[in-house]
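Just one chain follows, in the form predicted alone, and it is written as structure tokens.
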């Protein structure tokens, strides 16, 4: 298949591109480089031996995106392009609503126009809101706790409504939890532009002494040690979940959690990083962050039963691969 991957030079998109290429698919990448780097293209070539066609395009720009659709015949699209930081979304809600919703609408509109009938959407566990874990796909969705989560929930509704009146348009919603880690080559990993918003890049930069201390947002949650508990999933496992989805998705709308089914607290992750990599990560506890919840982890049973997918890597793999990437990319 020829697959369009929006946001394909980002953290999850680039790892998914590798899995697609190594499985024999042709990949065409769109990315506006707001939170990614052009040099990732060279690294994809180094890993796979193939250089994907690349367009520097913002997916909200319909005219530019349509030129791409006119130049290629796609069998499917995987939509990663979007702003993704919970805390930033609280501070910049309008920016998040515009970027994340308009990009979904523009891309789905052009998929319909050009007969691209497989659409995999990068959703998030945040759509469940503050419910009791494990999260299951059949749970009724509640209002999320932050604008980022709302953009994912609203995008899901847009795609489900679109699929309901377009029987040939198949949508797969992948609700994934907290991706960390890096490719085992050490060539690509999580490398955000500017100050990191996610936990693992902060941990690695503190370990490298580029930052003084790691901020742990709250130690008074009702969890094993008071810090927030999340379902951390290795980015390679996550990428393989996208490969399984685009290859095996059926008609209509399908929804899958991509997670390990196990919760790990922030302090447990820091301890694992210290132990596996033999490096100190100084941290300080600060106030809770707006929009965060205490505990979130997946029930991944449905993905295993219907897609034949399950996470294979553990927390030690995640912290070891993340540190290898950070050391090799100074």
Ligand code: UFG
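Between two forms, the rigid core is defined as the largest C-alpha subset superposing within 1.5 Å. Numbering follows the first chain given and starts at 1. Quick caveat: nothing in here was measured; it's all calculated off a predicted structure.
Heads up, the form predicted together with the ligand isn't pictured, but that's what we're talking about next.
Among heavy atoms of residue 230, some come within 4.5 Å of the ligand in the model of the complex.
At a distance threshold of 4.5 angstroms between non-hydrogen atoms, residue 66 is out of contact with the ligand in the model of the complex. Interface membership of residue 172, defined by any non-hydrogen atom within 4.5 Å of the ligand in the model of the complex, is ruled out. Not displayed here, the ligand is approached by residue 217 to within 4.5 Å at the level of heavy atoms in the model of the complex. Proximity to the ligand in the model of the complex, taken as a non-hydrogen atom within 4.5 angstroms, holds for one residue of 199, 239, 77, 253, which is 199. 266 is the sole member of 303, 266, 44, 298 with a non-hydrogen atom within 4.5 Å of the ligand in the model of the complex.
Contact check at 4.5 Å (heavy atoms) against the ligand in the model of the complex: none of 209, 323 and 326 pass. Heavy atoms within 4.5 Å of the ligand in the model of the complex are found in exactly one of 82-90, 132-140, 244-252, 107-115, that being 82-90. In the model of the complex, the residues of 273-302 lying within 4.5 Å of the ligand by at least one heavy atom are, in order, 289, 292.
After superposition on the rigid core, displacement of the C-alpha of residue 284 between this form and the one not shown amounts to 2 Å or more.
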